[in-house]
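Here you get one chain, nothing else, as structure tokens; it is the form predicted on its own.
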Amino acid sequence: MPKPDADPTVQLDLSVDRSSPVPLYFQLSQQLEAAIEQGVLTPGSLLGNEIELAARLGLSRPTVRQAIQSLVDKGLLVRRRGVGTQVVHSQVKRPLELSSLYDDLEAAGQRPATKVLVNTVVPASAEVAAALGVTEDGDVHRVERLRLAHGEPMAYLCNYLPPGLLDLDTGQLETTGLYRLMRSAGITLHSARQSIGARAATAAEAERLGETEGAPLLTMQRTTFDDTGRAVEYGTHTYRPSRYSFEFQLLVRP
């Protein structure tokens, strides 16, 4: 983690518009969030003292505290006793396209890491068999991974692949993304069918992702096809919404 600056907020061009109907705390929190997203405030940086920041902007201390707390609630800042308010990292915003989480984290400068929890062959359930077009109870490869960014859990990934598709070495799975391994094996990824949802975390999921039981989680199910139309991967993933979001681009139909 980068060495914290004593007061990196002096580098920021912060201002508030008192004539705007937008609450002052929200104006400030939006500017700080933008600085984090754009990398001006890097992970490990310390925010300046609340009193000094309030005096600089002509705001009350409760207003500044509310702005900072809103970013703490989003998981972008953390209050550390004896240290101060520190930038954790920006939220990863993943475009809805056929890409891997590993590649998206790398592109966002999030230093991805992977812990392989399971790498084995199991009988295909009815759900997995239907997704991959294989026989129910036939062999499929099951891989469970915990994806981390800056050392913090980001997502739990459970993937199923048809038998004999490629050699899934645990060491390689911990150093690169699954889609990279598939491409290296000569598999051309062409399209995917995907659904996104949300639900409360179970006790096991909460412990795995560093959340509390019942906390909201983003979910994703995806079946990926190669250029011949063959299903090559079925995944069920859960994400921490404080660290991760999906981005949509919507077009107006003429």
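Source: prediction; values computed, not measured. So that there is no doubt, residue numbering starts at 1 and follows the sequence shown. Think of the rigid core as the biggest set of C-alphas that the two forms share within 1.5 Å after superposition.
The following text describes the form predicted together with the DNA, which does not appear among the structures shown.
K.L.:
Is the DNA in the model of the complex near all of L24, E50 and S60, within 4.5 Å of a heavy atom of each?
P.N.:
Every residue of the candidate spot has a heavy atom within 4.5 Å of the DNA in the model of the complex.
K.L.:
Is it the case that V118, even though its partner is missing from this view, gets within 4.5 Å of the DNA in the model of the complex, heavy atoms only?
P.N.:
No - in the model of the complex, heavy atoms of V118 and the DNA never come within 4.5 Å of each other.
K.L.:
Consider Q30 of the chain shown here, and say whether it contacts the DNA in the model of the complex, taking contact as heavy atoms within 4.5 Å.
P.N.:
Outside the cut-off, so no.
K.L.:
Answer for V83 alone: is it within 4.5 Å of the DNA in the model of the complex, judged on heavy atom distances?
P.N.:
The answer is yes: V83 has a heavy atom within 4.5 Å of the DNA.
K.L.:
Spell out, yes or no, whether the shortest heavy atom distance between T219 and the DNA in the model of the complex is within 4.5 Å.
P.N.:
Outside the cut-off, so no.
K.L.:
Which among 36-44, 63-71, 200-208, 224-232 is in contact with the DNA in the model of the complex, heavy atoms within 4.5 angstroms?
P.N.:
Comparing against the DNA in the model of the complex, the contact stretch is 63-71.
K.L.:
Once you line up the core, how about H190: does its CA shift reach 2 Å between this form and the one not shown?
P.N.:
False for H190: its C-alpha shift is below 2 Å.
K.L.:
Please check if Q69 moves between this form and the one not shown, taking a CA shift of 2 Å or more relative to the superposed core as movement.
P.N.:
After core superposition, the C-alpha of Q69 moves 2 Å or more between this form and the one not shown.
K.L.:
Once you line up the core, how about S60: does its CA shift reach 2 Å between this form and the one not shown?
P.N.:
Where the cores coincide, S60 still shows a C-alpha shift between this form and the one not shown that is 2 Å or more.
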